Ligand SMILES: CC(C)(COP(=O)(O)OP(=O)(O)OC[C@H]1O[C@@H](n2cnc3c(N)ncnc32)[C@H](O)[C@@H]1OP(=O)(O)O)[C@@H](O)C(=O)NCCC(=O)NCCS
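Only one chain is given next, in structure tokens, and it is the form predicted alone.
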Amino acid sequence: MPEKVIIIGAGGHGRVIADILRSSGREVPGFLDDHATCGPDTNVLGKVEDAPRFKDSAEFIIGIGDNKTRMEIAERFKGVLRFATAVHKSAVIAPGAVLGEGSAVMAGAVVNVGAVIGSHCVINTSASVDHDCALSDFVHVSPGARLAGNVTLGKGTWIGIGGAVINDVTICPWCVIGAGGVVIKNLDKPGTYVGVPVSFKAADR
């Protein structure tokens, strides 16, 4: 029998991850969520704080798109829970690419040779991470976003839908690249960047 995986977060992102896991033959007994109620395609087993009750019978994955929330939960249960990865059957992961624990790669995504993906990252639908990229923990590459070769993304960085980063660029931790933004030079100041090419919009509060 395949290892069971419980998903923390019963919203849309969590349900997508459930579909990925089930399509790869893994059993999803249900979700943990502090707010959601049971719906037709969810079985809410309890609240997030209940996770340790299931630690001996299942692995876990955090099905929440927001990077800071995902980090808070992962750090809360570090060393307590075993975290699974989820890779859609249509995704392409090059041999030798590294995928950290708790990370998810969605349908149509590509992770090319030499890429290193940290823990609890999201490579979303049809996103691409090219050769030798290095993504720190809690990064989110949104649907349709593109990273050229040798890109480095700092912890918690979020590349918005349709964003693009040219080769050899480094982005510091906790940056947000707005939808369709194009990054053509290193970014060394945390905050939000928008436009083509991107410019600094605001610092995180």
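All residue numbers refer to positions in the sequence shown, first residue = 1. Just so it is clear, the structure is predicted and the values come from calculations on it, not from any experiment.
The form predicted in complex with this ligand exists for this protein as well; it is not shown, and the discussion that follows is about that form.
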Does this ligand come within 4.5 Å of any heavy atom of Ser128 in the model of the complex?
no
Distance check, Val44 to this ligand in the model of the complex, heavy atom within 4.5 Å
no
With a cut-off of 4.5 Å between heavy atoms, is Gly178 one of the residues that contacts this ligand in the model of the complex?
yes
So, in the model of the complex, is Arg70 in contact with this ligand at a 4.5 angstroms heavy atom limit?
no
Kindly indicate whether Asn124, Ile161 and Gly195 are, all three, within 4.5 angstroms of this ligand in the model of the complex, using heavy atoms.
yes
Sort through Pro173, Gly149, Pro143, Gly30 and report the residue having a heavy atom within 4.5 Å of this ligand in the model of the complex.
Pro143
Using a 4.5 Å cut-off on heavy atoms, what residues in 48 to 66 are near this ligand in the model of the complex?
none
